[in-house]
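Presented below, as structure tokens, is a lone chain in the form predicted alone.
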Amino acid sequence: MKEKKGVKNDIDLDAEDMKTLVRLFKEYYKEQKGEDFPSDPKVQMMEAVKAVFRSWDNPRANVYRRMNDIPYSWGTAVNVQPMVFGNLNEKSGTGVAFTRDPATGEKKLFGEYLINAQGEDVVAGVRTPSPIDKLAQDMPEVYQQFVTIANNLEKHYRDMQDMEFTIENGKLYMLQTRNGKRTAAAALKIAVDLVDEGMITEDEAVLRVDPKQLDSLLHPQFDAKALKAAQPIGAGLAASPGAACGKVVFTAEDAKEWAERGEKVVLVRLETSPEDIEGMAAAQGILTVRGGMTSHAAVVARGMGTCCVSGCGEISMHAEEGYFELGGKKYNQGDYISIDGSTGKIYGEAVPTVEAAISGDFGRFMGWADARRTLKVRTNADNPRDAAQAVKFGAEGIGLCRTEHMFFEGDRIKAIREMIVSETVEEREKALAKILPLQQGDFEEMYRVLEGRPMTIRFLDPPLHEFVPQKEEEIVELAGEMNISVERLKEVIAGLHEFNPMMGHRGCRLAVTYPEIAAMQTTAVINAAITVSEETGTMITPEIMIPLVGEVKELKFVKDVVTSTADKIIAESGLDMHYKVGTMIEIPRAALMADEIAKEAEFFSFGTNDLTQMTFGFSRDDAAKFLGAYYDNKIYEFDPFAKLDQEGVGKLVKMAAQLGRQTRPDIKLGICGEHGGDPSSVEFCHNVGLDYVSCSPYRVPIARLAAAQAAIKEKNA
């Protein structure tokens, strides 16, 4: 209707236009529902109440709950209240405001309002509103009253407030207040400032920041040099900070689909709505044509820690034709753009990014967290670069170094393949001798980066078929290099085929079959530890982890290979070096037999990825195909590979921890699956008395904060 009349805002339509719209809406209602729109106000109200109750079970609400750990069983409630009219006349209006800036945390009133409008107009971003301080000119008395109320609300709730208000004919009405959503940077600043203002304690401050939010502080920003050279093609509102670069997509479905195949995308929309939640979560950033700083896109992006630029009215959208125009140029779906959520600028190219700098409030806040947690935090890292990054983020060691990840580079893979096709122990040892110095060099580099921090090294775990070529041309090339026939190599590859390789010839089973692999890896670990201990003067205690154990005898078999090799090398070195041999608890039988296994294992590390897979009896690679149906039918509420199943898998972890300690009271207990960086799983690990969690480098601060919150909650309880 607005396009037809050539006007911009709803209020520019006259009474006849609105009557036409009402008629069209009523016709549409009848077409959809098969009955007339109800004219009885009580019926209308009850239908609206039912609609709110139904909203608890719509797909986007279910996705939102999974993202925020909200149980389905909680249900929702409905408030029925009389409302006032913000669209009565030019002395009426509506707005949303925060007591502090939700993007930066700065202590100043931040918000927007519209004259002669309803609340939905501000939130939906249909019209671009005025900043709240302009209200001081439009309605000075109302503004002063609002400032007083805002200050009182913040003092009462001792947190930054997000308030909605309506002005009817010059009179102010407060509709609601709640603790406001904020970016990670704002959350830190507000928490620290509230402590300095004497409003909350350090314990309360630590509980105020969602650990998952820290993620957005740790990821790259635009490279300053590249940014200087890049020319902005337009600008919107800096709605949620950070930098995003990716390919243009126009629908939430495309954003999700493209992200699943590894593409980085920027979701470009007229405005977002709750239906877009999955696409918004999948995108690197969000760009909207309409909407202010309190629109749906801005608020949701800030909560997710996703970069967002909103209200870029210069964009001419042609989403159905697959393009938009800005700055005199056409941008098609799949073209690269970059957006800066801290400045609102938009770039029509891929702008490179650099690492985020962490300082100030972050350091002080994390100091409070570290002083309160009892759970140690390590990292999963297989190379010096990741190890250094994790140490920078506060990791206290490495909880999982996957040695197989070191075998895929350059000549190493050739030596591994040579070992696989070997027919005798001597041939295998000859091939392994080529890998030994390379693996030892890797461990030395890791030990240097760690500067005395512990490292748990997991011996070779995946099935051997992962190391052999599958393509014809690669097989021919390898056969030539190894001086064997193509037929012979194909026989070896066929012989490695397994129907269920993840439950096949892998982990400790490889070392039982080929003890020389364990001997070579032990030699590399112990020699590296000796070299770096002598270099630095700090004695290293190597931690060797035997994977996939389910029976104490197989652990003892491999452990005997390790100890005989290690003891000989240490004796020859003349150093007084100690080492530990432990295992990864990732098979349900190992958890059940943990008291027996602890007779040989000096530490347990729970590999919850495989433990989850084997306990549930489904593959983490294939589960995504059917988990959607399980969510829809309320069988599962979350992905058990992302958030630990505390009732089932958790029961095994708890049982194994108790049984292990019965046999060996000083046994070290940790967790190294991806659950080690999930806040609710970290809290569980604290509660069952594990010594540490281990997670990917960028999740280390998340785990540190989650561990502190778990300790504070336990103390408060």
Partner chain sequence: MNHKYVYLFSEGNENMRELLGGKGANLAQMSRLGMPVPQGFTVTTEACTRYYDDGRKIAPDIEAQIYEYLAKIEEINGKKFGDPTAPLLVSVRSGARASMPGMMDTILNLGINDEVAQSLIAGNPDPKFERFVYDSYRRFIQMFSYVVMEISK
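Positions refer to the first chain, counted from 1. Being a predicted model, the structure only gives us computed values, none of them experimental.
Although not depicted, the form predicted in complex with its partner chain is the subject of the following passage.
Undergrad: Which one of Glu534, Glu314, Glu120, Asp567 is close to its partner chain in the predicted bound form, taking close to mean a heavy atom within 4.5 Å?
TA: Partner contact (heavy atom, 4.5 Å) among the options: Glu120.
Undergrad: Considering its partner chain in the predicted bound form, which of Ala226, Leu153, Met539, Val486 comes within 4.5 Å of it through any heavy atom?
TA: Contact with its partner chain in the predicted bound form is made by Leu153 alone.
Undergrad: Any idea which of 646-654, 36-44, 676-684, 660-668 reaches within 4.5 Å of its partner chain in the predicted bound form, heavy atoms considered?
TA: Answer to the contact question: 36-44.
Undergrad: Quick check on Tyr579: any heavy atom within 4.5 Å of its partner chain in the predicted bound form?
TA: Looking in the predicted bound form, residue contacts with its partner chain do not include Tyr579, since no heavy atom lies within 4.5 Å.
Undergrad: Can any non-hydrogen atom of Thr343 be found within 4.5 angstroms of its partner chain in the predicted bound form?
TA: Although its partner chain is absent here, Thr343 would stay clear of it in the predicted bound form, with no heavy atoms inside 4.5 Å.
Undergrad: Against its partner chain in the predicted bound form, would Tyr157 count as a contact residue? Criterion: heavy atoms within 4.5 Å.
TA: Contact check for Tyr157: yes, within 4.5 Å of its partner chain in the predicted bound form.
Undergrad: Does at least one non-hydrogen atom of Pro140 fall within 4.5 angstroms of its partner chain in the predicted bound form?
TA: So Pro140 does not count as contacting its partner chain.
Undergrad: Mind listing which residues of 62-90 have a heavy atom within 4.5 Å of its partner chain in the predicted bound form?
TA: The stretch 62-90, when checked against its partner chain in the predicted bound form, contributes Tyr64, Arg65, Ile70, Tyr72, Ser73, Trp74, Gly75, Thr76, Ala77, Val78, Asn79, Val80, Gln81, Pro82, Met83, Val84, Phe85, Asn87, Leu88 at the 4.5 Å heavy-atom cut-off.
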